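Included below are C-alpha cells for two forms of one protein chain, each presented in isolation as structure 1 and structure 2.
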Structure 1
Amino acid sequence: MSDATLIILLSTLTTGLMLGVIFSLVAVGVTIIYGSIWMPNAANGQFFLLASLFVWSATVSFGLHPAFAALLVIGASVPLSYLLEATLVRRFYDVPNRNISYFVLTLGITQILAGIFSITYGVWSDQFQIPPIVAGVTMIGPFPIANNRLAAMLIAGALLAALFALLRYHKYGRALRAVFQNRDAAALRGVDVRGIYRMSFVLGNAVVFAGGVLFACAYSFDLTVAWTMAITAFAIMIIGGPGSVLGALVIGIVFGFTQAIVSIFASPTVAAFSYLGAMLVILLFKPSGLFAR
C-alpha cells in the first residue's frame, strides 16, 4: 500500500471516528431527553453552537485556557437547563401529545437563538477557531494527527463510555430507563418521574454542550453548524430509535464514517442529503427505529 493511500485511509478513519463520537454524543443527549420527557429538542443544534461560541468567547475574548473554558461552559449548561425547565419545559409534562408542543416550542427557541447569533457573533466573524488545548502532533505511521484532535476524540469516547455505564449501572440510569419504558408503571414503583424528567433534561443538555465544546476544540466552525447538527442529531435519533442510547451510539458512529467517506468524493451537502433520505425511509417504514427496545 502506498503512503498516499494509507494517509487517505487513516485520515478517513480518524475523521470518521472523530465526527462519529461527536455525533453520537449529541444524539445521545437528544435521545435521553426524548426518551424520558418525550421532548424532541429541535434547538439541539443551536445549543451545540451556543456551547461552541461560548468556548470561543471565553478563550479568544477573555483569554481563558481552553480546557478551563470548556469545563466552565459545560458547567454553565446546568443552570441554563434548570432555568428552561422551570420556566418552559415543566408546563408541558402532562399535556397530551406533548412531543409536538415541544417540537414547536424548540423551533421557537431555535429561531430566537439563530436570530441572536446572527446579530452578534455573525457580525463579528465568519469562521471561529479556538486555540488548541494540547499542542503537538502525533504520527501514526506516515499520518500526522494533531494531539488536540486526538485528545478531543478520547475525551468524547470516554464521556460516551461513562454515559453508557451511568445509564446501565447507576440507580439514576435504571430509574431513567424505567421512565423511558413506561412512566405510569415507573411512578407506581415509586420513581420520582418529574425529578427524572428534570435530571434527564439537565443531563441531556450537558451532553449536547459537551459535544459542542469538543467540536469547537477540534475544528473551526461557522454558524451553519447549528442547522447541520440539528438535522444530523435528529436523523441519528430517528434511525437509531427514539430513546435508544445504543442506537444513537451506533448510528452516530456510522454517520461519522459516512460523512468522512462521502467528503472524499463529494460535498458534505451530499452527506446531509443521505441523512435526510435515510431518516425519511425509516420514518415511513420503521418509525420505531432500528434499535427500538
Structure 2
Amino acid sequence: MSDATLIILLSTLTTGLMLGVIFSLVAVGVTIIYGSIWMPNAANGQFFLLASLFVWSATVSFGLHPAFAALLVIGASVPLSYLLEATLVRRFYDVPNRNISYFVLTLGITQILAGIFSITYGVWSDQFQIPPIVAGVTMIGPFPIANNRLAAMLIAGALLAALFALLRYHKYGRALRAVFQNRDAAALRGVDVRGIYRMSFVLGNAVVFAGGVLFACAYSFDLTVAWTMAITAFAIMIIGGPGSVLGALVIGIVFGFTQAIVSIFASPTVAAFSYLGAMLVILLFKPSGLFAR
C-alpha cells in the first residue's frame, strides 16, 4: 500500500471516529431527553454552540487553561438545566401532546439564543478556535494527527462508555429504561417519574454541552455549526429509533464515517447532506427507526 493511500485511509478513519463520537454524544443527550420526557429538543444545536462559545470566551478572553475551562462549562450546564427545568420544562409535564408544546418552546429558545449569538459573538468574529489542550503531533505511520484531536476523541469515547455503563448498570439507568418503556408501569413500581424527568433533562444537556466543548477543542467553528448539529442529532435519533441510546451510539458513528468518506472523495458540502438522504431511504423501509423497540 502506497503512502498516499495509507494517508487517505488513516485520515478517513481518524476523522470518522472523531466526528462519530461527537455526533453520538450529542445524539445520546437528545435521545435521553426525548425518551424520558417526550421532549424533541430543537435547541440542542444552540446549546452545543453555547458550550463551544463559552469555552472560547473562557480561554481566549479570560486566559483559562482549556481543560479547566471545559470542566467549568460542562459543570455550568447543570445549574442552567435545573433552572430551565424548574421554570419552563416542568410546566408541560401534564399537558396532552406535550411533545408539540416542547418543540414550539425549544424553537423559541433556539431563536432567542441565535439572535443573542448573532449580535454578540457574530460581531466579534466569524471563526472561533481555542488553544489546544495538548500540544504536539503524533505520527501514525506517515499520517500526522494533532494530539489535541486525539485527546478529544479519546475523552469522547470514554464519556460514551461511561454513559453506557451508567444507563445499563446503575439504578438510575434501570429506572430510566423503565420510564422509556412504560412510564405508568414504572410509577406503579415506585419509580419517581418526575425525578427521572428532571435528572434526564440535566444529564442530556450536560452530554450535549460535553459534545460542544470537545468539538471546540478539536476544530475551529462558526455560528452555523448550531444548525448543522441540530439537524444531525435529530437525524441520528430518528434513524436509530427515538428513545434508543444504543441506536444513537451506533448511527452517530456511522454518520461520522459517512461524512468523513464523502468529504474526502466528494466535498464537505455534499457530505453535510449525504446522511440526510440515507435517513430518508432508511425511513422508507423502517419508519420507527433501526433500533426502535
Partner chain sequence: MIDRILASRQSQLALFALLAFAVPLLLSGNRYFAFIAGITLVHVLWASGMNLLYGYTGLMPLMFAGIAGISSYLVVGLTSIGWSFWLAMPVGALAASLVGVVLGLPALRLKGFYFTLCSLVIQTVITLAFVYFVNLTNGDTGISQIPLPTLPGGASLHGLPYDLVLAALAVIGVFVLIRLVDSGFGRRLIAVREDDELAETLGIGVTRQKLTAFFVGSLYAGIGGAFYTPYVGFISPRSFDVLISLNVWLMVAFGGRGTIWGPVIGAVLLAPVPFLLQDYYMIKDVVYGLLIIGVIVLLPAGIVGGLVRRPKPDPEIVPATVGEGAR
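Start at 1 and count along the sequence of structure 1; that gives the residue numbers used here. Here, rigid core means the biggest group of C-alpha atoms that superpose within 1.5 Å across both forms. Remember, predicted model here, so these are calculated numbers, not experimental data.
Of the two forms shown, structure 1 is the one predicted together with the partner chain, while structure 2 is not.
A displacement of less than 2 angstroms separates the C-alpha positions of Leu17 between structure 1 and structure 2, with the rigid core held in common. Once the rigid core is matched between structure 1 and structure 2, the CA atom of Phe285 is found 4.9 Å away.
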